[in-house]
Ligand SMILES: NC(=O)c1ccc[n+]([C@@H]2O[C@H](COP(=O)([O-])OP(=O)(O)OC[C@H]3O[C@@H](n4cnc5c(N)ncnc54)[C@H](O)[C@@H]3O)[C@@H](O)[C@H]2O)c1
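Encoded as structure tokens, the following chain is the form predicted alone, with no partner shown.
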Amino acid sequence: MAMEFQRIGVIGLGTMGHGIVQTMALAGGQIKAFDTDSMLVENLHQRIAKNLSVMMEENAIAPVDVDEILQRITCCDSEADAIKNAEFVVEAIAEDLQAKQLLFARCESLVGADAILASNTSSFPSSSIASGLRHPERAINTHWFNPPHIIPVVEIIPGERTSDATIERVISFMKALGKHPVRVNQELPGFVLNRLQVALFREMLDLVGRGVISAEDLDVAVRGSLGLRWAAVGPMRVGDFGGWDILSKVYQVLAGEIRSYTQLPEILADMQASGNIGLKAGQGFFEFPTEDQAEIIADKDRKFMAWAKTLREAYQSGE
């Protein structure tokens, strides 16, 4: 599928931004990239080269000329240089509403009338980010998931004044990038997948916190049942296969038992207070020794790649 947008500007080159740059360059786009953190700019090509090498080793992508891909990525000395004359701009900067609003406002004076302004926010409605724009009809949220160069799904969330043409163009563009865009029809906090994730985490944290099950056994249980079934066909189809008559009875029995509190679970509050917040601290529910972290992350990404490859093949076969 041909890509409509060739000149792309990406602002913000951290965890999400560099993976977005990689995905677009791999698909043939010419990328201009910028970040206020000079280190992220300086090591951008190195990070992407390493990602591409690992993905080829795992057969997650077809063999490519890494140098050729990197030549499509220009690191700019200023935000304006990265944005000027871009057909598609992606912001992946810090989660600060005013900063995003100001960035998009600056974009309007530097891009053409048909250019699209896309946010990767996981928190703010596109309508809020685009509230001060002269042309809010071209602003939209493309919510990628970490790591963005591996996870296939991108949520597409239009704002109140986003045009139908913008939505269609962005969905088509994401497909050309090899992604699976899903349209979210309402600007709900957390969109769709973060809402589902928080709902599940609330119950899982309660079960682990009460000692019903260990964190390790919970992971084993989910990976070998819900995770496997949902990854294969999707949760709504699982419901169809099981029968909603049976699931309705289960729902009625369990709905009143499932946690619905809005405060932070005690187990999570305790972990934050002790600093045991996960891999970046070396300890969460599991231990992550500093000397092993690079391999732990690589192993996680390899597993993601394997599942993403299986999903891609399933879609290609029409399943």
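In this text the structure is predicted, and so the values were computed from the model without any measurement. Residue indices: 1-based, along the sequence shown.
Although not depicted, the form predicted in complex with the ligand is the subject of the following passage.
- Residue 186 falls outside the set of residues with a heavy atom inside 4.5 Å of the ligand in the model of the complex.
- At least one heavy atom of residue 93 is located within 4.5 Å of the ligand in the model of the complex.
- For residue 48, no non-hydrogen atom is located within 4.5 Å of the ligand in the model of the complex, even though that partner is not displayed.
- The ligand in the model of the complex is approached by residue 121, whose closest heavy atom lies within 4.5 angstroms of it.
- Of the candidate stretches 85-93, 228-236, 205-213, 176-184, only 85-93 contains residues with a heavy atom within 4.5 Å of the ligand in the model of the complex.
- Among the residues 37, 68, 266, 257, the one placing a heavy atom within 4.5 Å of the ligand in the model of the complex is 37.
- Heavy atoms closer than or equal to 4.5 Å to the ligand in the model of the complex belong, across 136-159, to the residues 143, 144, 146, ordered by sequence position.
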